Each structure stands twice: as C-alpha cells, then as structure tokens.
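Okay, here we've got a single chain as structure tokens, the form predicted on its own, with questions on binding and movement later.
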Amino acid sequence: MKKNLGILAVIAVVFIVTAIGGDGFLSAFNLYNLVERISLYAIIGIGVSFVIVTGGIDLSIGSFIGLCAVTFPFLVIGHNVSLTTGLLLLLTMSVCAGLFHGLLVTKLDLQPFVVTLCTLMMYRGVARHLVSDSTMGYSDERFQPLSLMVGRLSELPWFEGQAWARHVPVALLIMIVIGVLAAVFLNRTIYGRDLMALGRNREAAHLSGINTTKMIILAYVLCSVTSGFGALLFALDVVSVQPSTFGSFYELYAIAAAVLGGCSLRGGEGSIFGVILGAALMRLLMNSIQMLGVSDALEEFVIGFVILLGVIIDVIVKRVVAKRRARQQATVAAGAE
C-alpha cells in the first residue's frame, strides 16, 4: 500500500509539471488518448504480472502481440473466416503459446528468460512470413462490431446519450473489469495464493502439496491469453499493423508497469492495482516527454531507467526487511535466554 501511495504521489507530480509546462496536455483529445493508452498497456501488464509473481518472466509479449494482430485479419479477410471463428482461433493460439512456454519451463526446466527470448524471435519471424511482410488492416467493415472495444463509452447502448461518456474510452472499462477479476483471482482464490506461495519458495510450495507445474503453466497461459486479447485491442486502435514492428517493446512497457507496481522480479509479491498505477506512470512519462518537447530518443532511456530503478528498490527493500527480521529474531532469542 505504501508503494502504491508513492507511485500516486509521483504521478501527481509528473501530471502537474506537465500540465504547467506542456501546451495541450490538458486538452480533451490528449487526456482521452492518454487514458486509452494507459488502459491498453495496463491490460498486458496485468497479464505478465501473473508470470512475474511466480518468479518467471515473459519477453515474448510484444512479438506475440504482433503475431496475433496480423493473424486475425489474415484469417478473417484472407481466408473469409467468421469473426467468431477467428476469435476462437486467436484464443486457441494464445492458450497454446502459454502452454508451450509453461511446459518448456516446467518439464525441461529451462530458464523463462531463455525460453521467451527465443519465442520472441520465433513469433516475429512467423508473423512476417505468414503475411509476407505485408501491412494488415482493420478498416474492413467486418471488424466493425469489434471496433466498439476501442471506441467511446457513449457508443455502448448502456451509456448512449450521456455527455460524460463521450470523454471516456471503452478500453478503460475493459481494463477495470480485467483488473477486478485479476485482483480477485490473485488475492481471493486458492489458485492466486498458490501462485504467491510458489513465487516465494518453489520448493516449500511443492512440499506443502501445491502442484507447482500446473500453477506455472497456468500463469503463462493467463499471460498469453491476456496478450492475445491486448493484441486485438491495440490493432483495432491503430487500424494498420506492420508485422515487422507492431508490438515492439510492448513487453518492456508491461514488465516496467508490473515492476513499478510492486511485482518483485524474484517472485512472491504483486498487486494488480499497483500494476495499473505503474502503467499509468509509464504512459504519463511518455506523454510528458512529447508534451514538454523532450527528444523522443529518451523514450527508451526512460523505460530502461524505470525498470532498473524498480529492480534496485526491490533489492534494497528486501535487504532492509531481512536485516530487520534478523534483528527481531536476535532480540527474541536474547530475551528467551
């Protein structure tokens, strides 16, 4: 909770500074786009947080998003597949990707970093080969029913005619729903508690009766399914998708959001609300760079610095907690004597 309050304070400071120094920052257009992008990146950040909680990592998110984004129109437009069938195939592909990652990590005991680094390149290569490096579009009228997911809240039947809903993206509502479901899963179900226990101490979790193999595979499946859904939202939002570049660095945004939000890269810790705040801070920083006239070249620096800072803080906090716990145990032992 204290870390979340700290992130909120940083968000408030960055927001105020940018509002003062950046022309157009407070415009309805910019704020709408900012909230929409925060929502989209928070969704994939929530997905990767399940993997990070187990002590793993998924570097293939960006490439997998690119693969899903080009595969869907390839099926619907290129092969005249219905939207329903296309969505089911997209879901199947996402589940299979998660199973593939999870089985390699658990059954072959490969490092998640190595596995997902390899699939990062594999997915990008498949995406480019599948459509021969051609740009894929979502402007076809067959995608119209799905475009509501990246529209304005006022376009939904339940909010039609309400003035305030014109300024709220549907993506925000989707993110809130996914966030609530993820928080309930992680904090209120036995599976979520098992994931946390697994991340803290895999051996102890196994000895206590937790099926660690099943839980790790579940975490990767949840991450891939969330990434597949996020791919659809991102693609519908930008309309045009380049297989060679679409989704690039998205995994870094997702991981940075999770780390900033309190997910320890060592595993065993995580907060869905924190991940959302982390995504908000990341996108706000990116928006601030643009609004304040800072060079776009610093965007990669900011991402790298934020991830590094999050890791450093995590290590320092753990060391402080360990020393405090050791002193308390020493005090108790001295009192017992």
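We call the rigid core whatever largest set of C-alpha positions still superposes within 1.5 Å between the two forms. No experiment lies behind these values; they were computed from the predicted model shown. In this text, residue numbers run from 1 along the sequence as written.
Absent from the display: the form predicted in complex with a further copy of the same chain. The rest refers to it.
Stretch 107 to 115 is the contacting one of 218 to 226, 156 to 164, 83 to 91, 107 to 115, since its residues have non-hydrogen atoms within 4.5 Å of a further copy of the same chain in the predicted complex. Though the partner is left out of this view, Leu146 does not reach within 4.5 Å of a further copy of the same chain in the predicted complex, counting heavy atoms only. Heavy atoms of Met121 reach within 4.5 Å of a further copy of the same chain in the predicted complex, making it an interface residue. A residue is said to contact a partner when one of its heavy atoms sits within 4.5 Å of a partner heavy atom; Ser264 meets this definition for a further copy of the same chain in the predicted complex. Interface residue remark: Ala256 is counted as part of the site for a further copy of the same chain in the predicted complex, having a heavy atom within 4.5 Å.
Residues of 295 to 311 lying near a further copy of the same chain in the predicted complex, listed in sequence order, are Ser295, Asp296, Ala297, Leu298, Glu300, Phe301, Ile303, Gly304, Phe305, Ile307, Leu308, Val311, the criterion being any heavy atom within 4.5 Å. Fitting the two forms on the rigid core leaves the C-alpha of Val302 displaced by at least 2 angstroms between the shown form and the other one. The distance between the CA atoms of Glu299 and Ile255 is at least 3 Å longer in the predicted complex than in the form shown here.
The Cα-Cα distance between Val320 and Gly199 is lengthened by 3 Å or more in the predicted complex relative to the form shown here.
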